[in-house]
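Only one chain comes next, encoded as structure tokens, the form predicted on its own.
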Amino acid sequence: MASTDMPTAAATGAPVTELKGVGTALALKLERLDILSVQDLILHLPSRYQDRTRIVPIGGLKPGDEAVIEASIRAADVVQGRRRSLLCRVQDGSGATLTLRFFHFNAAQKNSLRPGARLLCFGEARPGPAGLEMVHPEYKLLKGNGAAVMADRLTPVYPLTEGMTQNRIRSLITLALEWMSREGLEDLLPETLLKQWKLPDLPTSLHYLHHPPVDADQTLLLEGKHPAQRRLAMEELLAHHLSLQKARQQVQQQGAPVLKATGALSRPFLDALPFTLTAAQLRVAREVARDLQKPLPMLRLVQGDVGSGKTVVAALAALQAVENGLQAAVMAPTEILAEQHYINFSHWLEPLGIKVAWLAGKVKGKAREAQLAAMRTGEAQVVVGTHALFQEEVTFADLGVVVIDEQHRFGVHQRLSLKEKGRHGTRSPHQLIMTATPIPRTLTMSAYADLDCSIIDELPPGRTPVQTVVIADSRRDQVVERVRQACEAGRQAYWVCTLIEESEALQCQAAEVAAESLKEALPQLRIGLVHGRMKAAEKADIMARFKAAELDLLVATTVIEVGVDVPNASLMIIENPERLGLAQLHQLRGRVGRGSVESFCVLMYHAPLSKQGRERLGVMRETTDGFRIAEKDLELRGPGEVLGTRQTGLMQFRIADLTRDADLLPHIHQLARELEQLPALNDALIRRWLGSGDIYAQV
């Protein structure tokens, strides 16, 4: 087993300024690469490698090859074109000719690159006007007839920042490796694990990855599957997992109210529902009820595809708090979704004598004061709202349960800081986190390692799968005709305009233009418009009219992505779906197919589609399985985007890749359990990989 003593100062990482030649200016450049310590520098791994160990004949070069050539200059001329350049025609014994092109050169260079000079060059061969050429290759003039000295190992290519060159960072990393050999860098993984997985120790792994030998398997290195890379990925994943566990322990140290499941409110609530819960809903509701009866705060993630009935599970959790004389809070990321929850909870709970309060940005003045007072005194037993619930002036009499819907739209800090809303900070409320964005198992096991997970994997009876059609926008007239037919048959439709160039203003403008165009093309239809720049009350009014079937067609931006429930809507058109991620497309598609009538989603793309765009739309056409879509989304876009931009910090891995290294995760969980009794070792791992950015534990 690795040492259980506190790590040495060397192991935790000396400042990078301890290296010879690193002053304040260079340290600031390194900081832009998240390099603060010598250890950070050692963990700054190459993104790829160059083979400068052998000379390649010019005749053997292909476009795109990076290679070393040895050649003599046959002609050198300054050419005046759009850009003045120095062209050197070089040849070797292979009988082929190559052009070296320099846009930036001085008189000394021009004089040294003269016919007859012999060069050793490294660069990328590209097609040029007169055959292959290298633009600004690295070169060295050879004297006499002596043999060229070649590199004895592969040359690393590192991620850079402005003002940093490859040669500079290579020399710094060589200094850092010498520092590691002298000072030592503690191997924090247990020896038994390294032997079991046939993994090299830490110094060996790092030396190999920075200076691979000539015979290294470059394909394996590029794919990130070399044992040296796997060893580092395993340690990094373990550090992230331990950090989340630490956050969970911190939350649970405070304890939580024990909420007995009396059934006094939940039984009449279930009896009054116009439908029966599915087996999956009942299973998850029981898991939640069991958690609430423990003296530790529940930290449970409930996943369920669009329309699987998560809200009823949330209502049962809220009722269990109220049955025990405590309050429940339900938080959603948008006012549209929060208001819909408020309507549902009021409809379900007020007949049981429960007061439901409502708090959002648009609740102002005396109405706001009244709601805050009702929460403070405990008169409001269930409170529904947006992130306004986090605000400082918001206090609860005794908060027992917090439900967060679509939690990936909030930050980790917000979720964890909710414990402060417990009774004067002495207890932590139970937390139920819900999402209709299916999260791939690999992300659940890593990004949500502090949560227990439940999945509602069954849709209510009577739901019909949505048929998805992919069509080019050149056939827009046919799509408009399809909308007319659906609406004249008594159905309703959505027309979604997607994001344009990351600008909300342009997005709203696009929706306004689309609405005007559709009003001209379909004068017989009642058409409404919803976008992000409208006032909340105006949006809510349009949504209510659409739900009441006073509108036939709703033109909207992606604000309708979550929470809109109109069973009569059976057709959705999504313009430019190639601009959206798979998870978002799946969420949007979930707005239709909520009734018993066959529903359709038309993905109207703008040609030409990229390869990734074709893949994404193909997946949408093939499946309605949210988890399969989520796995593909992770593969195509990476974890940061899948989790949402507010959470990207959570998933900034240096070496690990959740798609590539998914097979390591079950072992990470097992290893984390084995290391539970070694807090000093856990802290050392977290510091090594997350440093001062230990974001999970900063609760």
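It should be emphasised that the depicted structure is a prediction, and the values quoted were computed from it without experimental measurement. Residue numbers here begin at 1 and follow the sequence given.
Keep in mind that the form predicted in complex with ligand ADP is missing from the display, and what follows is about it.
(request) Would you check, heavy atoms only and a 4.5 Å threshold, whether S308 touches ligand ADP in the predicted complex? (result) S308: yes, in contact with ligand ADP in the predicted complex.
(request) Verify the contact flag for F103: yes if a non-hydrogen atom of it lies within 4.5 Å of a non-hydrogen atom of ligand ADP in the predicted complex, no if not. (result) Contact check for F103: no, nothing within 4.5 Å of ligand ADP in the predicted complex.
(request) Consider C453 of the chain shown here, and say whether it contacts ligand ADP in the predicted complex, taking contact as heavy atoms within 4.5 Å. (result) Looking in the predicted complex, residue contacts with ligand ADP do not include C453, since no heavy atom lies within 4.5 Å.
(request) Spell out, yes or no, whether the shortest heavy atom distance between T278 and ligand ADP in the predicted complex is within 4.5 Å. (result) Output for T278 is yes: heavy atoms within 4.5 Å of ligand ADP.
(request) Please pick, from G528, P460, P190, G325, the one residue with any non-hydrogen atom lying within 4.5 angstroms of ligand ADP in the predicted complex. (result) Contact with ligand ADP in the predicted complex is made by P460 alone.
(request) Taking 4.5 Å between heavy atoms as the contact cutoff, choose which of D398, E481, D565, D541 touches ligand ADP in the predicted complex. (result) Looking at the other structure, the residue within range turns out to be D565.
(message) I need the one stretch from 389 to 397, 268 to 276, 153 to 161, 95 to 103 whose residues put non-hydrogen atoms within 4.5 angstroms of ligand ADP in the predicted complex.
(response) After filtering at 4.5 Å, what remains is 268 to 276.
(request) Any residue of 588 to 612 with a heavy atom within 4.5 Å of ligand ADP in the predicted complex counts; write them all down in order. (result) Heavy-atom contacts to ligand ADP in the predicted complex: only R594.
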